[in-house]
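The data below hold one chain only, encoded as structure tokens and taken in the form predicted alone.
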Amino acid sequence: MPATALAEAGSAPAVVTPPTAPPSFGTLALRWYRLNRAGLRATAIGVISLLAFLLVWHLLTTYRVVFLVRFTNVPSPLAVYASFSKAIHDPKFLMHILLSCRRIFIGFSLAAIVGVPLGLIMGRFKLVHEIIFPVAEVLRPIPAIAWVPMAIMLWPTNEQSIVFITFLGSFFPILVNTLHGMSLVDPVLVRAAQCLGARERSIFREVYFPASLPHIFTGLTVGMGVAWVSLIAAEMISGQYGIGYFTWEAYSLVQYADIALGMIAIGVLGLGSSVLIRGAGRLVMPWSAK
């Protein structure tokens, strides 16, 4: 009997579980919203903030408010938009933007290529730090606009002098932040690498450089902002093309809408540059992404 029962049990048909239905679109949308709720909230608040700023700007300029500061000659958002619609079809305006971006790219790239390795070397070798740091500290507080006459004397063309001033503006924040990152490297990690037989080059590559990367990218972000400030100052004084020159020329010609357009263009270009650097930082340092 037990054998017969087992045979009957073995021949019984297996229970087939029906396939589960795929999640509906509403379910997927709800999951996506829960995962990205914080980012959506930040985006919504940012959009509301910009709209509120535009509304206040429109009201102040429409009613020509005079309270501590005067809005009698400040262009309205609609006037600036009309100027933008006209300038976007003007090849000269696009050339101003492209030249400024090229100067920023060259000056900032040179500053990063020189500043990051120099900061790493100064942070690792005390003698190099003692030689270079005093000179850097004397030159660092000099504003970019004060370098304009000297840059004109040093370089044969205005283009080279403007790139040089842009380089100086971004070089010192990069150097100082790289030095700060090197000073915060945990010495326990260095000693552990030495105990494992790592050579100086390996310690530099595997310990110092990764540990300093967050501060290096902080310096790159700050340096990019200062580079734009330095570039605009140089273009306003000694340039013949560029978004800084465009803004100053608009002031000279009493074209108030173009002044605001130039300022907004500078802000958007600076924001875009910083976003690119932060994005590169997240790619290089995925462990630091929040």
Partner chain sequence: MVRHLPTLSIAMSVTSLALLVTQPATAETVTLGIGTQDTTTNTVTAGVVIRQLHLLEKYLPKDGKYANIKFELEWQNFTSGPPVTNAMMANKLQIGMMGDYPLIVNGFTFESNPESKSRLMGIAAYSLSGSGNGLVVHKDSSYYDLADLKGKLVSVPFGSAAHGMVLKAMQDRGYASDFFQLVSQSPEVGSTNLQEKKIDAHADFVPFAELLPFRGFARKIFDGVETNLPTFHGIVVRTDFAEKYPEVVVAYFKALIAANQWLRDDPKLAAEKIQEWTGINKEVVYIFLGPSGNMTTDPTVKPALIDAATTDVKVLQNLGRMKEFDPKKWVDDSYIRKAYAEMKLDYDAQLASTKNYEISGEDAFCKKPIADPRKAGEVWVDDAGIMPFSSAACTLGAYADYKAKGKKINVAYVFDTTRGIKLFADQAFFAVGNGDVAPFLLKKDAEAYAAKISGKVLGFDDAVKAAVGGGKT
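Positions refer to the first chain, counted from 1. By rigid core we mean the largest C-alpha set that fits within 1.5 Å across both forms. Predicted model only: the values in this text are computed from it and were never measured.
Unshown form predicted together with the partner chain; subsequent notes refer to it.
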Next item on the list: Considering only heavy atoms, tell me if G244 and the partner chain come within 4.5 Å of each other in the model of the complex.
Entry: no
Margin query: Considering non-hydrogen atoms and a 4.5 Å limit, does the partner chain approach N158 in the model of the complex?
Written below: yes
Check: Closest heavy atom of N36 to the partner chain in the model of the complex, within 4.5 Å or not?
Finding: no
Next item on the list: State yes or no: in the model of the complex, is some non-hydrogen atom of P149 no more than 4.5 angstroms from a non-hydrogen atom of the partner chain?
Entry: yes
Check: Within 4.5 Å of the partner chain in the model of the complex, do S76, M263 and S274 each have at least one heavy atom?
Finding: no
Note to self: Quick check on this chain: which one of T43, S252, S49, T27 has a heavy atom within 4.5 Å of the partner chain in the model of the complex?
What the structure shows: S252
Check: Of V135, L196, L94, M153, which one comes within 4.5 Å of the partner chain in the model of the complex, counting heavy atoms only?
Finding: M153
Check: When the partner chain is placed as it is in the model of the complex, which of 117 to 125, 174 to 182, 141 to 149, 215 to 223 ends up with heavy atoms within 4.5 Å of it?
Finding: 141 to 149
Check: For the stretch 48 to 76, which residues lie within 4.5 Å of the partner chain in the model of the complex by non-hydrogen atom distance?
Finding: R64, R70, T72, N73
Item checked: Post core alignment: S238 C-alpha displaced by 2 Å or more between the shown form and the other one -> yes
Note to self: Superposing on the rigid core, I want to see if A257 changes position between the shown form and the other one - specifically a Cα shift of 2 Å or more.
What the structure shows: yes
Next item on the list: Classify the change in Cα distance between G239 and G115 in the model of the complex as closer or farther, relative to the shown form (magnitude of 3 Å or more).
Entry: farther
Check: Since the CA distance of S238 and L99 differs by 3 Å or more in the model of the complex, is it closer or farther than in the form displayed?
Finding: closer
